[in-house]
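What follows is a single chain, given as structure tokens, in the form predicted on its own.
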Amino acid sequence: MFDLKGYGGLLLDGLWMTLAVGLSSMLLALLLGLLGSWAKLSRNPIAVWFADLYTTVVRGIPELILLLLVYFGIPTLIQDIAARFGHDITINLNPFMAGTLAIGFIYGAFSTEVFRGAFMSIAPGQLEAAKAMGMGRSLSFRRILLPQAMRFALPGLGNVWMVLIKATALVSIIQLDELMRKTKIAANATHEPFTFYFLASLLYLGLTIISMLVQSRAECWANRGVAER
């Protein structure tokens, strides 16, 4: 149907890189989401303040700007500070690491709100019962809070993932060879932008459909044995 002129393998390489960035970023976003939700629900006003600042700032600044700040801004800032103290250093961030850190940091803010809502959905009496049975905080978290929170959070986290995987296209601007950059290379080389950009859109759509199916199965598994209300 499409004459890819030998660039099909190039797009597949980009697709695998997109998945690698997406999965790595999602793992970081989950960790930050758990930490952020814990901070927001804690009784420590400083932790609450930092968590609120994190989610407000990240959700209020365009993703592209945050990505450029991580890749270009932070290394330059560190170099300038070092120069003031008489040190001449050069910092070059790996595009994969920079992209993963930036996207994971951004979507960690969204995951924070998802986890916060999930933890708030758990009846307080369950923790009181766990405490009465002699469970400590860490054991109660592992056996009571986290399993139920993940069940409540799955729909929201699925949405975060599907937005995140599309946001990986932004990483092409820092020269990481993911799907969008590979597509641009192929389109420029063949002078057939419609063919390659349309095919790239189909690949992103395919990732979204597969993600929806996996999410549906995960939700069914998580809700097994739960009585419908």
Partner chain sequence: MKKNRLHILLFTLLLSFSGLLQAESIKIRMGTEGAYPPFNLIDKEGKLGGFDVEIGKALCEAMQADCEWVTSGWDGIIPALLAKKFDTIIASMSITEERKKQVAFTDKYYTTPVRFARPKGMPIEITDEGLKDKIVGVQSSTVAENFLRGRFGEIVEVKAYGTQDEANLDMLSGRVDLLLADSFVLGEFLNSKDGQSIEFVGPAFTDKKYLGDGIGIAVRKEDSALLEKLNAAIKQIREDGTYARINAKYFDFDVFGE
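Positions refer to the first chain, counted from 1. The structure presented is a predicted model; accordingly, all values stated were derived computationally and were not measured.
As for the form predicted together with its partner chain, it is not shown, yet the points below apply to it.
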Close approach of Thr76 to its partner chain in the model of the complex, 4.5 Å, heavy atom = yes
message = Whether Asn188 contacts its partner chain in the model of the complex should be assessed with a 4.5 Å heavy atom distance threshold; does it?
response = yes
Thr90 within 4.5 Å of its partner chain in the model of the complex, heavy atoms = yes
inquiry  = Can you work out whether Leu15 and its partner chain are in contact in the model of the complex, taking contact to mean some heavy atom pair no more than 4.5 Å apart?
reply    = no
request  = Specify the contacting stretch among 114-122, 128-136, 76-84, 142-150, defined as having any heavy atom within 4.5 Å of its partner chain in the model of the complex.
outcome  = 76-84
